[in-house]
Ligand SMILES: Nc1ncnc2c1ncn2[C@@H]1O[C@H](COP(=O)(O)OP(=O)(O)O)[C@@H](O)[C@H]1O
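So this first bit is one chain, no partners, the form predicted alone, shown in structure tokens.
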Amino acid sequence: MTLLNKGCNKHTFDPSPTPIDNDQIQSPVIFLDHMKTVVIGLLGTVMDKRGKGVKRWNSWRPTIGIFMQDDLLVDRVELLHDDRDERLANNVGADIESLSPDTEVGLHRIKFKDPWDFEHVYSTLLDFVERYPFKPEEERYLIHITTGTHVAQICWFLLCEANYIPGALLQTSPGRGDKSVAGNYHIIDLDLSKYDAISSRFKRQQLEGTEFLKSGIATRNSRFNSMIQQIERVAIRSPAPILITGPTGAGKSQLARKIYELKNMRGLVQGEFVAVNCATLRGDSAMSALFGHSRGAFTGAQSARKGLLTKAHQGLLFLDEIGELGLDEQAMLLHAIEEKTFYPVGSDNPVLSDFQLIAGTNRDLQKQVQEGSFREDLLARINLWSYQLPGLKDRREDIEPNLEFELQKAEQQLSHKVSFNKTARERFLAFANQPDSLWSGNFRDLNAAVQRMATLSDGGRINETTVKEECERLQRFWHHTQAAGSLPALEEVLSGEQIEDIDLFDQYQLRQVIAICRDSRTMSDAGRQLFNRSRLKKSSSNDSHRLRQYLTKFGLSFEDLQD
């Protein structure tokens, strides 16, 4: 036998066997010769410790009893134990070797903060299981549920039932009516069809996690909801980097924090949530802020400084606007992600930091790669899980539930009830859903609008006058922002000779049309914005046809502008 210590950095257990209903017990399973048998279980810190010296062989020990069964041959055992029980684990491993020399023993160090905390125990065991290299086509797996707390036993059951573990349960017990130290064993093969209630519970847990990521907002956009459901699964199951793209104000920072809080509740991270806007990092200070520096590393460095990556150890690092980082910082960040170490500025000693990265940006990183301003290898590393948050104007069905959420936030800040009267609420929602309501600042615009209306409302009641003033304020702001923004150059889509034949008035108008077309997903969306007033006076309106006719005058098509 080979005794392997596979330190996994994890748990503590208080063992006691749980009786099994005889109706669930099946006859011992005779395994085929070509299939290896693997037992996975927790070290029993009480029962596996019975007896000292040779006297230990006079008492039934649940783990040792497995290897005293004549009809159960085990090729490998994976024994999970706490750091404090390493000596006991080694002793039990040696006893297994003496009983079954052909059995390979793997010892795995794990750590439960609280062995009676169901959520923490389940998450920790799930983490071990997801990292374990199961080979069901070559091996049969038995999960020993006799040792460990009752909570751990329940978690083993749930992991098998949910098929995270492709195996059966193994229950050992002391012999009845005799003094046999081998005891008895039973193999329980779960019939999943009997446990629909548990499956429903898993679905409810997933729904709860999804609602948490949405801050409890009952969003209606199906595409957004599907994306959040997948993010919830990824957040719980994977420590890999996540890239969140989308326009400014779409909620990237809030989502990153919610992911951290969800992982923290599940015991998947122990460190801090560290957020930084990379657009604020410039020059030498960027390196120092991210990676720290040693004393005397540069002029003014009178003392050593720990960087943000060090602060994020065992936690989550959110780098917003990651596209703003310089190439040198990108190179060091890539090394830190892959190796979990980096060198502070001016230091020859590496620093360890094991963190999960969430990156945010409103830029096209692939385009930056082509331009040479973003590293292709870094993009490949952070792009395993990539999600694009839509802007508010692309989620207009979610304006109403988010309005209620913002009202609740306003109530907390103002310490009194805030609400619309019926007519005012209808008018604001009608304005919010108009095609020419740009929501260029996305949820920041909505938050600011509610804050202003709530502050100006008398007695916490928002009326039509307050709504009218706010709508006018937003329209002025959006118009000014749009006018200040740079419109596309006609040279991007037309030749110089074509442009010379177009009046200056038409050139300005065409540039605005091109900008709206590029910012719209479909020709219908663009048409609704461009003909937002005249279309209301028609009994039926074909905005796409009108826009197509306009573009044809200049030899253009909507598809050309999208490209």
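Keep in mind the model is a prediction, meaning the values are calculated, not measured. In case it trips you up, residue 1 is the first one in the sequence shown, and so on.
Form predicted in complex with the named molecule: not shown, discussed below.
When you look in the predicted bound form, the only residue of F374, F443, Y141, F428 with a non-hydrogen atom within 4.5 Å of the named molecule is F443. Interface residue among S347, Q451, N264, S253 relative to the named molecule in the predicted bound form, by the heavy atom within 4.5 Å criterion: S253. Shown here without its partner, the chain carries R223, D525 and G527, none of which come within 4.5 Å of the named molecule in the predicted bound form through any heavy atom. The stretch in contact with the named molecule in the predicted bound form, judged by heavy atoms within 4.5 Å, is 399-407, chosen from 126-134, 399-407, 181-189, 235-243. Within this chain, L490 is remote from the site of the named molecule in the predicted bound form, having no heavy atom within 4.5 Å. With a 4.5 Å cutoff on heavy atoms, G249 counts as touching the named molecule in the predicted bound form.
For I217, a non-hydrogen atom is located within 4.5 Å of the named molecule in the predicted bound form, even though that partner is not displayed.
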